[in-house]
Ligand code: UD1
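Here you get one chain, nothing else, as C-alpha cells; it is the form predicted on its own.
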C-alpha cells in the first residue's frame, strides 16, 4: 500500500452559523469536502473520510466512511479512522487533511509526501505563512527546529504574534500515529483530543518531526466562515472558467458568470454576461447562452440560443430558441427547431420538431406534435383545483392554435386541426377540423351614445 489518506470532516463549524455541517457548504455546486477528497484521491490508494451523523453519506462515493458520533476533537476523529481500518500496515504513511480546505491540490500533497520520504521523518507537517493568522494553530519553533503547535485559544499573547500557521495537513508513519493517538489527553480549554499534541508526544520520544512550508500562498487556509467560503468560491470558480475558456468556450465577462464544477460545455459556445449554469448541465456546440440566464441540471444540444430565461431540468434538441423571458420548468423536452418565446412558461411538456410557442403562453402537462403553432395568450388548464393530479393535453402535429385560447384538460386536438382565436376548448377536436369555442358577438347599436346622455 503506497499510502492512506484520512479526511477530517466531522467538525461542527460554529462560525458558519448554519444548521448545515461546515464541510457540506457548497462551492460551485458541490460540497467543499469533495475538493479535498479529489486532492486525496490523486495521491492515495485509500481515502477514509471521518464524518458526523448529521452529514448525508449518500453524497460520498469510492471512499471509506467512518463516523465520529461525539465531537471530541481531531485526535479522536483520527483514532476512530484507525480503529475502523485496522488492516493498515505499520510502515504505511498516513496522510491527514482537513475537509474544510478546498484549495489544497494533489500537487501540494505529493510534495509533502516526497518531503516526508526524503527527510526520513516519522512525522511531517505542512505549514504556511499567513498575513492574518487569527484562528489558526501557531508553529512554535526554537530557532528553526519545531517545538510544538499551539491552538489559538491556548496560545499566549506572544505566541499569537507568530504568523507561521498549521494547515492541518500531516504525514505520519502509521505505527507512530497509533502510539501517539493513544497518549493524547484533553488537557486544554476545549476539553478535546487535539491531533496536534501527537507531534509533541512523538518529538519527546525522539521521533523525527519535520516541517515543510507551502511554496505558494493561499488566501484562506481552511474555510471557517461565510466570508472565507466566498473567497474560496471565487478562486475555484476562476479555475473552472479558465479551463472552459482554454477549451474553446467564449466567456464575455467572467466577473458576472457562475458555472458549477460538474457542468460540461462544448467548444464554440458563447456565454454572455449574467449567466448561471448549475448542477450537471451539458451544453453542446455553437450555443449562445445569455445574457441574464439561469440553467439548472439540463441537457442542451447544439446551436441553441437561450436568452433572459430560466431553464430547469429540461432537455433541448438542436437549433432551439428559448426566450427572451421564458421559464422552462422541469421535465420539459424540446425536439429540434423548437421555439419557446417571450414570456412563455412550459412545465412537464414535450414539443415536436419545428413547433413554436412564440409568446405570452402557459403550456403544462402537454404533449405537442411537430409543426405546431401555438398562438399568443394560450394556456392549458391542467389543474381543476380539486385533485392533486394534473390533467394532460394532447396537441397532434400540424395543428394551429389561435391566439388567446384556453385548452381545458383533459383534451385532445387532432392532427391538422385549427382552433379559432379567443376559444375555450373543452372537447376533443377532430383531425383537420376548425374548433370555435366562443360566445356569438352581439353589437347593440348606439348603446354607448345613449349611456353618455343618461350620465348627463
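Owing to the predicted nature of the structure, the values given are computational and were not obtained by experimental measurement. Numbering follows the first chain given and starts at 1.
Beyond what is shown, the protein has a form predicted in complex with the ligand; the following relates to that form.
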item: Residue 10 within 4.5 Å of the ligand in the predicted bound form, heavy atoms; value: yes
item: 4.5 Å heavy atom contact, residue 151 and the ligand in the predicted bound form; value: yes
item: Residue 378: touches the ligand in the predicted bound form, heavy atom cutoff 4.5 angstroms; value: no
item: Exercise: residue 116 in contact with the ligand in the predicted bound form, heavy atom 4.5 Å; value: no
item: Segment that reaches the ligand in the predicted bound form - one of 92-100, 201-209, 329-337, 266-274, heavy atoms within 4.5 Å; value: 92-100
item: 180, 314, 306, 77 - the one with a heavy atom within 4.5 Å of the ligand in the predicted bound form; value: 77
item: Interface residues of 53-75 toward the ligand, as seen in the predicted bound form [heavy atoms, 4.5 Å]; value: 68, 71, 72, 73, 74
